[in-house]
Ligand SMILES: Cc1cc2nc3c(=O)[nH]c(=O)nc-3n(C[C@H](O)[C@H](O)[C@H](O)COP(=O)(O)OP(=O)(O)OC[C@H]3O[C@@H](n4cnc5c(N)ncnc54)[C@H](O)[C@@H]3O)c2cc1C
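Just the one chain here, laid out as structure tokens, in the form predicted alone.
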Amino acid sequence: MKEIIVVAEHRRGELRDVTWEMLSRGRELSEGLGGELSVALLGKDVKNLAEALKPKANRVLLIEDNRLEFYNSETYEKVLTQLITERKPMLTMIGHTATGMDFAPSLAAHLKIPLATDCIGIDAKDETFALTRQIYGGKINAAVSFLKKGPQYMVTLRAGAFPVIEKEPLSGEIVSVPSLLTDEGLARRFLEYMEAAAGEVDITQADILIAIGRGIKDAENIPLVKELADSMGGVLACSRPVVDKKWLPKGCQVGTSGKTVKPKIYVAIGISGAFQHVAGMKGAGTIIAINKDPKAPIFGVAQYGIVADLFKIVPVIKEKIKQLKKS
């Protein structure tokens, strides 16, 4: 039986979005291969998360240990080395996140399994996998493949690159797997979890994003759009030029050198639509662009576009929203 294993990522009692994205794509792949989908869940007292994962996989491989309460690349590598060695999955899927990037390369090297990182596309092909990665800062999508052919492969998948497709729930089972961890040889230990500074917002979690680009012209004009964002119940984001000028913090940046986002609504204001920026927001549910240049590339990915000076149109939109709230 061909098995695909997704390594679940969770933080402070909640599963990360990339986990659901990998499970969705993993299920499509496993069904196409006639195999089964498993999800590896490492942690302490995480049975509630295992229950949430059951409908999304054929089995949840639950590995609980006090030493897995907090993420540690050493403990993750030891546990996953044991698991992958025993189960020999055809494919192991890991999120291309700060966590995944930390342990995936050493895990693959230790197991001598070929690894492809930061993939935005993956399809099964001739007993191996066809992959898509971005090169030249996201300007080109490259079709790549593994140099070594099987029997096992490992990939890290970019967060936000894959849609979560709802399907009929699976009758998954929870299988407890012993961790066999010891304290010997651990060079790292968890110190503390640090929250984002007060006032900072995780733009990857926002349902509505209002993003500004160089068209805003000056930092003193940002409150104009911030008021629009507030009236829509949205969060302010931006393209790289705004961060380079230090008008907004790095955490607000969308794009290949910023964050990948998938809000329900994305409003791009004064953003030309360079490929680096588009790569970070093209997965949004609805994209609305406002730009005075009718040839701006952003209109090529937007479902709705307004060709107008943002300083004239934004106040009009704000007033319309105000009227709608009163009615």
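C-alpha atoms forming the largest set that superposes within 1.5 Å between two forms make up the rigid core. Throughout, we count residues from 1 along the sequence that is shown. On a predicted model such as this, the values are computed, not experimentally measured, just so you know.
FYI, the form predicted in complex with the named molecule isn't displayed, but the following is about it.
Q: Sort through 83-91, 234-242, 122-130, 167-175 and report the only stretch with a non-hydrogen atom within 4.5 Å of the named molecule in the predicted bound form.
A: Result for this chain: 234-242.
Q: Give a yes or no for residue 293: in the predicted bound form, does one of its heavy atoms lie within 4.5 Å of a heavy atom belonging to the named molecule?
A: Answer yes; at least one heavy atom of residue 293 falls within 4.5 Å of the named molecule in the predicted bound form.
Q: With a 4.5 Å heavy atom cut-off, would you call residue 271 a contact of the named molecule in the predicted bound form?
A: Judged by the heavy-atom cut-off of 4.5 Å, residue 271 is in contact with the named molecule in the predicted bound form.
Q: Looking at the partner-bound form in the predicted bound form, is residue 309 within 4.5 Å of the named molecule by any heavy atom?
A: Yes, residue 309 sits close enough to the named molecule in the predicted bound form that at least one of its heavy atoms falls within 4.5 Å.
Q: Hey, in the predicted bound form, is residue 217 touching the named molecule, heavy atoms inside 4.5 Å?
A: It does: once the named molecule is placed as it appears in the predicted bound form, residue 217 has a heavy atom within 4.5 Å of it.
Q: In the predicted bound form, which of the listed residues (75, 204, 253, 156) lies with a heavy atom within 4.5 Å of the named molecule?
A: Partner contact (heavy atom, 4.5 Å) among the options: 253.
Q: Tell me, which of 106, 257, 152, 179 has a heavy atom within 4.5 angstroms of the named molecule in the predicted bound form?
A: Selected residue: 257.
Q: Indicate whether residue 241 shows a C-alpha shift of 2 Å or more between this form and the one not shown, with the rigid core used for the fit.
A: True for residue 241: a C-alpha shift of 2 Å or more.
Q: Please check if residue 250 moves between this form and the one not shown, taking a CA shift of 2 Å or more relative to the superposed core as movement.
A: Comparing the forms between this form and the one not shown, which are aligned on their rigid core, residue 250 does shift its C-alpha by 2 Å or more.
Q: I want to check residue 44: does it shift between this form and the one not shown by 2 Å or more at the Cα, with the core superposed?
A: No, shifts by less than 2 Å.
Q: Closer or farther: how do the CA atoms of residue 271 and residue 138 lie in the predicted bound form, compared with the form shown, if the change is at least 3 Å?
A: Closer: residue 271 and residue 138 approach by 3 Å or more in the predicted bound form.
Q: So the C-alpha spacing of residue 142 and residue 296 changes by 3 Å or more in the predicted bound form; is that change toward closer or farther than shown?
A: Closer, not farther.
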